[in-house]
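Coming up is one lone chain in structure tokens, specifically the form predicted on its own.
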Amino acid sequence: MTDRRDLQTFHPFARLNGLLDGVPAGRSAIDVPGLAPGAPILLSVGEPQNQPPAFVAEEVARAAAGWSRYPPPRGTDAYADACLAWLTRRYGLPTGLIDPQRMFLPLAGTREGLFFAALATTPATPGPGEKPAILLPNPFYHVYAGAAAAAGAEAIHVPATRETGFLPDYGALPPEILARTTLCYYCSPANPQGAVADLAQLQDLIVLARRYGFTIAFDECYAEIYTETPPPGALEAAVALGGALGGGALDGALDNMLVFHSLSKRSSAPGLRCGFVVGDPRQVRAIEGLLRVGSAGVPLPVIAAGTRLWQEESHATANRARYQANFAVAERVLGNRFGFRKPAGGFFLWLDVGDGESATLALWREAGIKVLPGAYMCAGGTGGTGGDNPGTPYVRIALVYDAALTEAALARLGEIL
């Protein structure tokens, strides 16, 4: 349990800044277009370095009159239609599966929704002797742990290591933990390991959640960044499973689940802050109530640009090709060193360098290359899992530049490490 007033405890980049504070950056010897010669190469943050389509600015300008209005909490019908049409195409869903009035909500990206999901699903006054639990993978996106602390729940860190296929096995937890679970976070493709859950794994988790009465927050923000095969999604797993009890009817097919998508990675538009959640109407309604109190909503010009981005596929295909080229470069440059494996999705490398903090310092000091120590994305000895921090040997590297710069940076990284 962590004091909710100190959520920076979970922020990996605050810890990274502390590690590198006062340590001069070495000259990178890699020239980055738009930056001064020798400027640092930032491979620590998953921030796309290519621009979104030019039509984004055009749509924002065309809808500029909307800046003078407060954002409507439920967005626009056009945005809902675009998002649900994309989901239907992408995952082969039956038409009408998702009621836009009850099961859909626009979000400022996904981070905000993922955070409020913990508040929406965790009771403020649990029953006598009960301590609500929120399950999260270990490694984890820091928002998950911060949300658990803000909700007053116990964060249960479940290993997502090489031994588990880099995905958490929530079904292996003791029944007494599952019985007091209110929410679990599940990210596929996983951040940082890039592992992808198959349809059976997604179905098993949905069945588990319904058996014990908790909600799953499916974080699918990397769903459109993959190296070979499109990752299956929670919605298609739910459709294949059937209704709430696994029958043939689709009534209740989205019970106990919330599915989050964003344009940040798919469309290289993290600054747009535009995404959505679909799922269990009870939890969507609860999140909406929280957002109406603690959020400003998504501005109308942003909604207009987001509508067109969800309707257009060619830019997402081009983005995916960029990252696939980067992974081909990484495979060629790193080979079988540092436990390299080409991930199924996402755009990160999760490299075993022995000591992630020492490697991070060396790369920064000698070459001005900034990466993230794996330990900063993990917890050790907490949540009943015990053991040391599983991220200690690792660094996370975001392959967000073009292939030429990626090749130069990885070659230099390999020399130093």
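Each residue number is its position in the shown sequence, starting from 1. For clarity, every value in this text was computed on a predicted model and none was experimentally measured.
Omitted from view is the form predicted together with a small molecule, to which the following refers.
Would you please decide whether Lys265 lies within 4.5 angstroms of the small molecule in the predicted bound form, comparing each non-hydrogen atom pair? The answer is yes: Lys265 has a heavy atom within 4.5 Å of the small molecule.
Look up in the predicted bound form whether Thr121 has a non-hydrogen atom within 4.5 angstroms of the small molecule, and give yes or no. No, no contact at 4.5 Å.
Any of the heavy atoms of Val329 lying within 4.5 Å of the small molecule in the predicted bound form? Although the small molecule is absent here, Val329 would stay clear of it in the predicted bound form, with no heavy atoms inside 4.5 Å.
In the predicted bound form, Asn138 touching the small molecule (heavy atom, 4.5 Å): No.
Out of Pro132, Pro159, Gly194, Gly109, which one falls within 4.5 Å of the small molecule in the predicted bound form, going by heavy atoms? After the contact test, the surviving option is Gly109.
State the residue from Cys187, Cys83, Ala147, Leu254 whose non-hydrogen atoms include one within 4.5 Å of the small molecule in the predicted bound form. Exactly one residue meets the criterion: Cys187.
So if I measure heavy atom distances to the small molecule in the predicted bound form, which of the stretches 217-225, 70-78, 200-208, 311-319 falls within 4.5 Å? Correct option: 217-225.
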